[in-house]
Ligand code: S6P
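The chain below stands alone, shown as structure tokens; this is the form predicted on its own.
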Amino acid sequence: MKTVPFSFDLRSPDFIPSTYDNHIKRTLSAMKGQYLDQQAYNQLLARDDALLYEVYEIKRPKVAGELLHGISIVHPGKVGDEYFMTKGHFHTVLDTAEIYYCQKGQGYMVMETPEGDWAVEPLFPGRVLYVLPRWAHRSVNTSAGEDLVTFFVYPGNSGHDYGTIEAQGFRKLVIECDGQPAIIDNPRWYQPGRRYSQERLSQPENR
């Protein structure tokens, strides 16, 4: 961990930081219970514990005043009709925000609050997303064959609450429907047998 001001490079095609402190790999087995089609999940896992996403962290002290940051890379693929995605999290200190800057690929950020508000925002190169305090967030890669790469920054004392999401997932899911991304209700949040509401998502565009 550096004790003087520092810089690093983020260059195409992969945008892996020229220097980093930690490399996290999340495979399919780490996403147990998060995908809607559990049969498709089990079949895919039986063939291969695929690498879904990676995080390159530049570590800083986990205290107020510091900014933790790094690169998230979500690989392309699907489990059934549902795209590869990150685990997603609230911050342990709920009233902290996070910034994402998309550098490569196409996708969405799925977000929600404990009170029930939700939002889904497109990600594409050059897009900056400000995730407000109290909003859980998950990256979803809807690219056909390209990584979704984002640079993230959040307060050093934020922490991560993965357990709340692991218990029942997000309220909304992003799936492929007729070749296009669509958002549906997560039935784990609703009465059994209730029909999904479904909303087409506009395609992200490079701008």
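It should be emphasised that the depicted structure is a prediction, and the values quoted were computed from it without experimental measurement. Counting begins at 1, following the sequence as shown.
The form predicted together with this ligand exists for this protein as well; it is not shown, and the discussion that follows is about that form.
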Query raised in the report: Considering Arg134, Lys104, Lys87, Lys78, which brings a non-hydrogen atom within 4.5 Å of this ligand in the model of the complex?
Result: Lys87
Query raised in the report: Pick from 141-149, 37-45, 176-184, 51-59: which stretch has non-hydrogen atoms within 4.5 Å of this ligand in the model of the complex?
Result: 51-59
Query raised in the report: Is there any non-hydrogen atom of Lys32 lying within 4.5 Å of this ligand in the model of the complex?
Result: no
Report task. Report yes if any heavy atom of Tyr108 sits within 4.5 Å of a heavy atom of this ligand in the model of the complex; otherwise report no. Result -> no
Query raised in the report: Wondering, does Tyr100 line up within 4.5 Å of this ligand in the model of the complex on heavy atoms?
Result: yes
Query - is_contact(Arg171, this ligand) in the model of the complex, heavy atom dist at most 4.5 Å - result: no
Query raised in the report: Heavy atom within 4.5 Å of this ligand in the model of the complex: which residues of 142-174 qualify?
Result: Phe152, Tyr154, His160, Tyr162
